[in-house]
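Let us start with two forms of the same protein chain, each given on its own as structure tokens and named structure 1 and structure 2.
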Structure 1
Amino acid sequence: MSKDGSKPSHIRNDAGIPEAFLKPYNPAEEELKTRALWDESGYANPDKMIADGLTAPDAEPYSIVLPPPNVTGTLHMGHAAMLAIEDILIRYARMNGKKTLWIPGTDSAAIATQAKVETDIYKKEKQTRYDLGREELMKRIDEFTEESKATIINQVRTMGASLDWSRYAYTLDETRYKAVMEAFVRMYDAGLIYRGNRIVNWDPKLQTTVSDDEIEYLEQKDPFYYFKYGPFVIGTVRPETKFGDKYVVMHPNDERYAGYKHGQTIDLEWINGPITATVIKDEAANMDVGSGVMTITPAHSGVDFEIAQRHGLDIEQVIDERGILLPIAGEFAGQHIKKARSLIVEKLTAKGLVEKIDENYVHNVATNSRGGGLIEPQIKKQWFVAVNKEFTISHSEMSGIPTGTMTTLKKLMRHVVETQQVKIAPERFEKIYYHWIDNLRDWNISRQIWFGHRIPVWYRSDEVYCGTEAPGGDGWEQDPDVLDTWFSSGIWTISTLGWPEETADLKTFHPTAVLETGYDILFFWVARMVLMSGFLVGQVPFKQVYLHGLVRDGQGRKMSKSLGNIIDPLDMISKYGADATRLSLIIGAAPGMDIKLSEDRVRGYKHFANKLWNITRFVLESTHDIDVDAKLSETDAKLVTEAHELVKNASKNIDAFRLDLAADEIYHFVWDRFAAEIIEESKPILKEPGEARASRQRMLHKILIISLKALHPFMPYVTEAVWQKLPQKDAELLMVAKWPK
């Protein structure tokens, strides 16, 4: 308000421009309206685009599957970055006339979800899953997922993501369940899935196995004990595992122990009395560590298990699935390992077998990153995918691996990246991918939880049956385990398109164009999709992988609850708008590099949205009497060309996945060139009626249109909202307008 109480002079409407422009851009209001418009149009669905003549029926397909967020989760900045990047690619492809499809979905996240629900139930009712029973627990989980599914879906929508919701998929819905069963059966029939006793990562807290990749190593300080073991000294942080240790291992070239022969036995005094130890010479013993001698616990250590297998040694379980010592521990049997440790050390001290104790030993302990506890390796009968086993590929469209060739899953995964049938951006991740493959062991896919895809195998005394449906006849019992969540995720590109049915979608949209995700799940997911898709449909799942960085706080720290530095995307959206939130996650974020995000950045881009709003207001005010046939002066034509050049360059950057550079360029053109220079220069010209003015009006209008189109993939809401208020335009919705060329 001005001093005399009248309206400030800028709030006026003498040019008859839309009312909305008289106020600053209001994201909350405009975003809601704009989203409704997009939803009504149905143009996220490529079929509708073709039906309405907006996409040519024979146009090049362009598809992306959304990495499905966990059903039970809420939107975080990582999701927001992913949605922003993929929506940019999708909107850009759509505006370029491609047959564009972006498939939404959610993931059941077996372990994480069940762990969460179990924890909640225990907190409220002090009941465990065994108290409730399988059926009741599943019911509770279903209720919980149904409820939170709506939450995550709505949050995804607020970002402005132009996903085709008519094709929404959930990893546990009927179609996807069937696909997972089919995938298992086919791999089983090909001999690529087997059941075997192997050492696995056991989580005593969640009572399930966990895959190698889901293990997170944490530093921990524990005492390190040196014990007298006959004539030797052995070291350990885990005295509680030592009951069964009856092999003493040393390097064959270790001269200190040249006098001991492989297979020689030695009688010695141990925790619960005299034992006979056998000398084993194996190169796994490191001469430089401690005394160079170690005892092994094959049942509870991966490395020890391998040594035992090499030499055909006895393997005895010492600790049970809940972390309780077994009868082999003698007087300590029945105790929990946590409590037993100090008692064992006490006893060894009393027996004079403790050489020394290093109190401040820092080492890594394995934990389950999916909300579980400390990992205890155990030998268990589990299901595995054989990655090194040769098989004949029954159908293949991949070059270099023709139908009928003998290959292995590992070779397949390597080959398609080596031959660039799958490109990875940034390129450096290819090396990391190869390294991972080279170290890959058979993949443990069974989990001892209840929520998930149940293993389609039935047993009846000695019979084993594997099939998508239960076998006929009485007495069959289904395997109680469910599949690793990444098994179902591995077929995501094909299951979302309707596989194993030979759907039109599958034919048109597979392989997908791009798989876009954070680099942290390159192994979990990207590599597994290549494996599964290669075997099941003989195609790569995607032609291009684009890996974005992790979103960190302004100081580069990981966002976490304990640091209290979490920036909530929904919070940013409500304060500054979805467009500003998107831009803050795009500009300055080079591929594969972590993004440092601070609220200031988001605020800055809100100003830009408002700038665009006011540019439009100015142009509309100045062009209310535009002559659309006016001839452009040479200067004005040059300015239009300049805008086109800018878009051309930005397009190149988008094609090369440098969205950060593209967005930055357009941003600067619009603000510094268009608003600060071109519009400023135009003001005097627009005051004088005549040819120069008519030309200026057309030029301003043209550049506005180009700017809106070029910005649309990056900030879809404000550009569409503005577009809707333009009197002259070449498409009803900016979303389906043609990309300027």
Structure 2
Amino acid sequence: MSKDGSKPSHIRNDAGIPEAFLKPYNPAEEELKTRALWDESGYANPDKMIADGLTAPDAEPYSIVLPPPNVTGTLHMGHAAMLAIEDILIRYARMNGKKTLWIPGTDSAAIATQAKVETDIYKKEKQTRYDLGREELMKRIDEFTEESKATIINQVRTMGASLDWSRYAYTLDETRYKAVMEAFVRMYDAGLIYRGNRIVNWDPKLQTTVSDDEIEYLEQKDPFYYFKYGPFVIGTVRPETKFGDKYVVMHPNDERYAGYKHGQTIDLEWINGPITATVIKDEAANMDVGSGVMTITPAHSGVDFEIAQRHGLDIEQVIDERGILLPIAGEFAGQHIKKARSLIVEKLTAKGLVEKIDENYVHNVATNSRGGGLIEPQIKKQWFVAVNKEFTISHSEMSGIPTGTMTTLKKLMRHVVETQQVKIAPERFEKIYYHWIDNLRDWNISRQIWFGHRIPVWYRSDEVYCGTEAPGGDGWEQDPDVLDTWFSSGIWTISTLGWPEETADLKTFHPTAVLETGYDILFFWVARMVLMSGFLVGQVPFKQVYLHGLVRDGQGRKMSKSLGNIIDPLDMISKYGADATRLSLIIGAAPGMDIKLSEDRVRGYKHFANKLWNITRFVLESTHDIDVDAKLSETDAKLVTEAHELVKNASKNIDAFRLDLAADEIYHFVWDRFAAEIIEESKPILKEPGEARASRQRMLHKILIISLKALHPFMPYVTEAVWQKLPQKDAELLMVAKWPK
């Protein structure tokens, strides 16, 4: 009541409650209505927030680019965790008055996408890509990706992700194409992109090179063979590669072989007869493994190739691109390596050259995670980014390095983390980042597939032309290869903001605030974004890296189809709601730590959404005649202060990327303190009219408002649904309400 006895029009004066609260919380029903409200408002767009006076034009910018999901499938729990974390950060920043932008996008996932489409076509039509031709295959892939993109976008929206869809990007759209072409040309002109023969990961199944980032190591049991190689014993799991082995390598400090000199030759009997082997002293030989001696196959091993490069040794190809043995294999030439292995061992056994065989050798086998094929290292003429080549800083200042300074991309990647221009959370991953950078080889960026950004290089006789457009004149032929998907992903923070154009978005929102991703791609994507952004615009791509762990099943096992333990986020949302699914992925998930997830865990947080719904019903029932001017008693004022202290601590944890602690603290306050204690203690007070009741009503209303705001970034749907039914509130939408101070 006001002082003159009248009731303000905005105060609800009936004893009832909104009809929705007469039944349990229904996530499916409320989430659809709530998402429609958010979409209609347009407030995920910072321009709309400014236009409507909800964000100051000069407010601090806060931006995130969504790590783009691949268009090859549907969202999994790892995606769901990523979306939940980033949405928490974005909603929290928006409620704190920042100029907030979260850019959505999808990734072409070139190799995986082409492999899936090719496989489907072959199953249905028994036709290969060569039967169809490049144009028809591209048409089929485009149809598949358009359908897949629509599916993924709908799934992302279902999670409640507060993304600005007006700025949606796709790694192969026209804007990103222009950016990729410009990036390639600039790096080529600076001498940082070159074409040369080097060892690469070759997939005989898909007939293309594969990025280090796309290699998946699968545990496998195979025989390990110990062969007599003259006076030495060598070990291998791959006898089929040994035909060209004519160098025996030992560590220069290995006293067992002190009598052998570098360059010394030894005559010995080998697979197809007598050969002359040369002794090579190199520190790559491991004195502590086996005999400490190894032979090398430079054409089919990265380590062996580097040894050969250091000592100027001959390099002979033994296996072709299809996995077939070449003439160097003698009588085994023309056979596939799988078939030939046992036959080679038979021959060596007959010659008395098999020392022993370990039948239970367990090792990791490199496979293409995008297509499943076994990787066969090959020397191929490919395009590379030179990470160790020096170039001159041409920007006015590049990540704190003065103009004119000579540096390398590898040094640049190290420098920005050492100087804390890019901070990594958890900090322990910094050491892993440095280790990966220090061992980084030139980056192979060309792929022998048809789907992707085609390399902007043309040839005519001995002429080579590189440009964003095709050269004039007749007789030019474009390089048939396409670029590694990670090349376009490497410029994601700048291309999504409009680079190479000097857009307002680029000036305002770059560097982005944070890159949130799984720790398993720290080295691949994060480092390459630092490399590309540093060279192209002289800035770090983001100020903070936040690494989440893997989502495992309730027993701590990796989720996989073979184990039958995959938990589909959309199934969980359908059963228990998006809020429960999100909270199950946040509470207990410290940065960089894996989380165990079960359906029971998700179900438990559905009960919490119901609890919040019931808390609101009680507060609305108890405060229908609230006096908004009532003075708080000392006890009630302390309770409100307690709620504010909760938010203060939660804010500190969110700022420190401990979302797990913030969510847990708010959860327990709402359930254990507010519902179980404060509300229970309030029931007798609310039965007696007077100042104590008026004070208690106002306190309950205040704590409900504080609780809803604090919970909103974590559980946006139920909190917004409740907010829309409140008679007194300080913002039309909870998503744009001010964070409690």
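Counting starts at 1 with the first residue of structure 1 and goes up one by one along its sequence. This is a predicted model, so every value here is computed, not measured. By rigid core we mean the largest C-alpha set that fits within 1.5 Å across both forms.
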Displayed copy of the chain that is the form predicted on its own: 2
Selected hinge residue, from 547, 163, 510, 382, for two rigid parts turning between the two structures: 382
Angle through which the smaller rigid unit swings between the two structures, given in whole degrees: 10
Core-aligned Cα shift of residue 232 between the two structures, given in Å: 6.2
Core-aligned Cα shift of residue 314 between the two structures, given in Å: 3.3
